[in-house]
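What follows is a single chain, given as structure tokens, in the form predicted alone.
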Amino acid sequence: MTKNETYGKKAHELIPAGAHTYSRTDEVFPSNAPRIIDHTKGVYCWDVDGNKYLDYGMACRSVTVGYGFDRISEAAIAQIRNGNTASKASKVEVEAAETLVELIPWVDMIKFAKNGSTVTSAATKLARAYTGRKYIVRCKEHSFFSYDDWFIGNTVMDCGIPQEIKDLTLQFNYNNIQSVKDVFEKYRGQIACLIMEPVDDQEPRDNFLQAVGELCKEYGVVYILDEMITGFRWDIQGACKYYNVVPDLVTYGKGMANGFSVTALGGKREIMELGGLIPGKERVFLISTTHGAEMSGLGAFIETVNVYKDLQVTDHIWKMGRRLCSGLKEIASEFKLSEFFYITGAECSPNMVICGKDKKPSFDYRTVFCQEMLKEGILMPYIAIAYEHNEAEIDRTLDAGRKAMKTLADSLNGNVRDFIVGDVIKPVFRKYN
């Protein structure tokens, strides 16, 4: 057996699904993908058998500069040497909070944590405490907010969630302001908050984000924007800055510390301070985690902000994104695949759509494309561009893309299953295994 097979088998014996994130499990990748990664550097990863891949997954989009970027790693190591944790709030904890509050004008107070689910759930709890209301309204098209019951109970993977909890989360449609009005009116006076990402694979139209904000004010609903992915990618101040929208509460994570485990909930003081020590106020148990303010991650966060400013990281991500998108579109056109392979969303975080003969998104044909890219040493489950993706990496990707498009075209003219080795990739959210 190869080391990939040996470690992969052990992973499934010891870890439910074989990984600690469902989007990292074997079933969401083609069968020729590496099963177990040994180490990473820059925008490359090496599996346990020593095979090297150009990486566009970038650790679930969390690495926006590059794996093991020296300045950021050294900042984290320096904090480890300070002890990494303490029995009281640490100096770097205060400095990190000051860094983020000074960076984001609409954030008055900050609470750090280690994963995105913690801070999005904390945001909904704060909104309920602030408004005294029970319903949460979330965007139907946005795929993930939290592993907690309030969100998972509102998905197809709702096993284990009581119906009473499921009933407390409602939905609206992105870029459809009438759908927001309808749910606000139907549950008037009962909705605590609305939560969505500023943007996903659709960009906002007709001042949608601003219009939602106005409705939230009108109906007394807390406006939460989840910048877990968009923050530190669209702009150093996030998609809120890019689209000129101001939320009541906002969450960050992923790229804010270049892959180190740091997330944040921030927002208006009048809401955030409910988790504090206001005399006479009922206590809100907001976030209380032993490792939430771990020094190493917060040191990495502060230096990541410095790196962003010094190297104009987001400008580079946009530039490489535009070049990659333009090149892939041209190749698709060459093979007459423009209706079967196309790009949606912002070019700093493009979404590739791969369709079958019916011109509808298809996991079969997506498997073909991703499988062929892997044959060229490119791991591209989706496109997450980092600062260390440079012209050479884009050139190599487009060369591989041309070969993959040729096979994709052939598969559209034949039986697609003849072109797939192993199983078809599967979506994370599905009812059954």
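Residue positions are given as counts along the sequence shown, with the first one as 1. Note that the structure is predicted; figures quoted are calculated from it, not measured.
This protein has a second form, the form predicted together with a small molecule, left out of what is shown; the following refers to that one.
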**Message:** Just to be sure I understand the contacts: of Gly116, Gly321, Gly266, Gly297, which is the one whose heavy atoms reach within 4.5 angstroms of the small molecule in the model of the complex?
**Reply:** Gly116
**Request:** Name the single residue among Met228, Val137, Val307, Cys240 that comes within 4.5 Å of the small molecule in the model of the complex, judging by heavy atoms.
**Result:** Met228
**Message:** Is it true that Phe232, His316 and Glu388, all three, sit within 4.5 Å of the small molecule in the model of the complex, judged by heavy atoms?
**Reply:** no
**Request:** Can you check 143-151, 210-218, 270-278, 354-362 and let me know which stretch has heavy atoms within 4.5 Å of the small molecule in the model of the complex?
**Result:** 143-151
**Request:** Report yes if any heavy atom of Lys125 sits within 4.5 Å of a heavy atom of the small molecule in the model of the complex; otherwise report no.
**Result:** no
**Request:** Check whether Lys254 has any heavy atom within 4.5 Å of a heavy atom of the small molecule in the model of the complex, and answer yes or no.
**Result:** yes
**Request:** Answer yes if any heavy atom of Asp248 is within 4.5 Å of a heavy atom of the small molecule in the model of the complex; otherwise answer no.
**Result:** no
**Asked** According to a 4.5 angstroms non-hydrogen atom cut-off, is Glu303 in contact with the small molecule in the model of the complex?
**Response** no
